[in-house]
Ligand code: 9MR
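Let's start with one chain on its own, the form predicted alone, as structure tokens.
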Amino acid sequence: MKKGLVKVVAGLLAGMLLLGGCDLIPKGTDGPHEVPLTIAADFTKKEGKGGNWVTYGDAKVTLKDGKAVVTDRKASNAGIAVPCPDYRGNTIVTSAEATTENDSLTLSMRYEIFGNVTYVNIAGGANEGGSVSITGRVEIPANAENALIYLEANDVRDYTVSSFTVSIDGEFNDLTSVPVESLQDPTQTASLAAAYADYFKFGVASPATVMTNPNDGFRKLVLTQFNSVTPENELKPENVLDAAACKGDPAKYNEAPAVHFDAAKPILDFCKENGIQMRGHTLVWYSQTPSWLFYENYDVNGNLASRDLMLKRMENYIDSVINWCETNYPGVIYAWDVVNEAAADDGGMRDCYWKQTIGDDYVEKAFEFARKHAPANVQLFYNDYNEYQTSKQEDILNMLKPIAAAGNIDGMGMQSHINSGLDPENYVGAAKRYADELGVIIHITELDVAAPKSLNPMYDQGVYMKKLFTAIIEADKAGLPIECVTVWGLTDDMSWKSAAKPLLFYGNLSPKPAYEGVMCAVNGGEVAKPADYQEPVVDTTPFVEDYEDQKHIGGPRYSSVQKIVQGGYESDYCLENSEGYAEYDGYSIDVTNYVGHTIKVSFAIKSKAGTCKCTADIDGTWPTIAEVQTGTDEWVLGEGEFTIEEGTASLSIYFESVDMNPFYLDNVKIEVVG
């Protein structure tokens, strides 16, 4: 979810054809040239001269010995990119090889949707001995324009790229001569904010491009549906800190970093002019905060700043941002996410520059400073994801209780990036615990719900949304202080998880069954079954994969990559799972057809990771079906049983490793045993 803009010209596309070894696909009726099946950056050719690459953001790219040396990166997302504008409506695989001193690199995607900009993280790669290798898979929406894949880092240190490719995965869907959809009139759709006026604000996260877009359909959707807005990126530190000023005169700005609000002004203006309140997101975060902020003289090649200096920078930054917004846009921002995602996924506090320079109490200090400088009527929130998981909830509560005792926090922000496997009762139970133990209000801040991989994904998503919002309404009626629910994005195509189709509106602005489900929860009624509805069929035929036909039925979980390779357990071939963005990006198999039965899963697996697991994809709990000790080059057998409850609309199981090491899978069998 970063920034930047590149537009591809005909000369660049023509240059792609000069690469040796490219498979070419006819471009339809759009002209005599053809679309390459693979686009490979050629670092012997300059930008715009047939090299198939462009500079992304504020950075410098120098070509040397067939490689691209990326220096002077002013932000973590700045670097190098490969445009792929003709690949819209296709799934792609992208890979990069680089050397760097950054801890990690990430392949991300940027595209435009009707003039709006969307960013999607594809896959991350850790630095191993100075080298990073990344491969990931992603789907580009059919309405996307000017799509490109770019290479970003967790820091602003240099990196050198030796290879960077983007390839079509599967059969090419040629949309090069097909126009994008026509937008529907959003003013004809009943208002979510009006429907939920008796319960809570209904908000949306939006990029500022919506406010500057000459196409006003998206603004009409905001004004029709929502009464709270969260800027997606515009108030994050990397867009507020003035890098040129700070680095140009570090002595002047040593204790009080320079700031500017060029990115945020359009969305602040829109909210002020239309009487819409805003959630400020976010003041202190480990991500999208430039690393130079944490160094003496703002120089990443020097020493980290002292605790005393960083406390001064933190307080002055918080003071500057809050008070500039209040002075220039009085009353617009009614809540701030003071600290975002400080809890680690594997327990305790997340390791980050804030923790390294200030210490474990940096969260307490941030809230202390925010309380000191914020107007009395502005609410202060902590915000995090997977906040409904029991173990992470314990860590969050332990971290926030001293802050609550000091009177420096007003609310808990529950991000809620979930899927339909999350039990709504467990979810509202987690919200109640925060409210009760911290004495705070609740905002659901970044809600999106991945559509299930079922026969009727949009309908089943709608049914789940009714179930979820019914539980939220009942909890609110029972006294749980839920004061705002915000969905993270306007349309599926604009979502950072666009392939999961997780929002309430289609890309053409028309309402989805998910929207209908939210409305049914408050108004009554049932989500309408579509005309092409397919009745779920229980099929107890055993599922068997041995990969000898060099095919697999399952697929990636998130951004993992699967390949059939040689060296099987008892035969020639097996499945390799690699890459992705996290250890849980594994190999997923849909087992919905076994609903109401107990299944037994057996398999052979090997990996350098110490442990591999087979897990049920139930959001919030992710129960383990089988766990095996790996860590050698030997195959290990595993098996386990799991009961799929009646009424489950969709369920997958997935194989994962305890770290990002690849694993190899063979002889997978799933059979009904009860």
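Note that residue numbering begins at 1 and tracks the sequence as displayed. Please read all numbers here as calculations on a predicted model, not as lab measurements.
What comes next is about the form predicted together with this ligand, which does not appear here.
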property: Segment that reaches this ligand in the predicted complex - one of 214-222, 231-239, 195-203, 576-584, heavy atoms within 4.5 Å; result: 231-239
property: Contact label in the predicted complex: T486 to this ligand, heavy atom within 4.5 Å; result: no
property: Any non-hydrogen atom of W285 within 4.5 angstroms of this ligand in the predicted complex; result: yes
property: Partner proximity in the predicted complex: H281 to this ligand, non-hydrogen atom cutoff 4.5 Å; result: yes
property: Residue contact check: E446 to this ligand in the predicted complex, 4.5 Å heavy atom; result: yes
property: The unique member of W496, Y506, Y353, F469 whose heavy atoms fall within 4.5 Å of this ligand in the predicted complex; result: W496
property: The unique member of R157, K247, H417, R313 whose heavy atoms fall within 4.5 Å of this ligand in the predicted complex; result: H417
property: In the predicted complex, residues of 329-358 near this ligand [heavy atom within 4.5 Å]; result: N340, E341
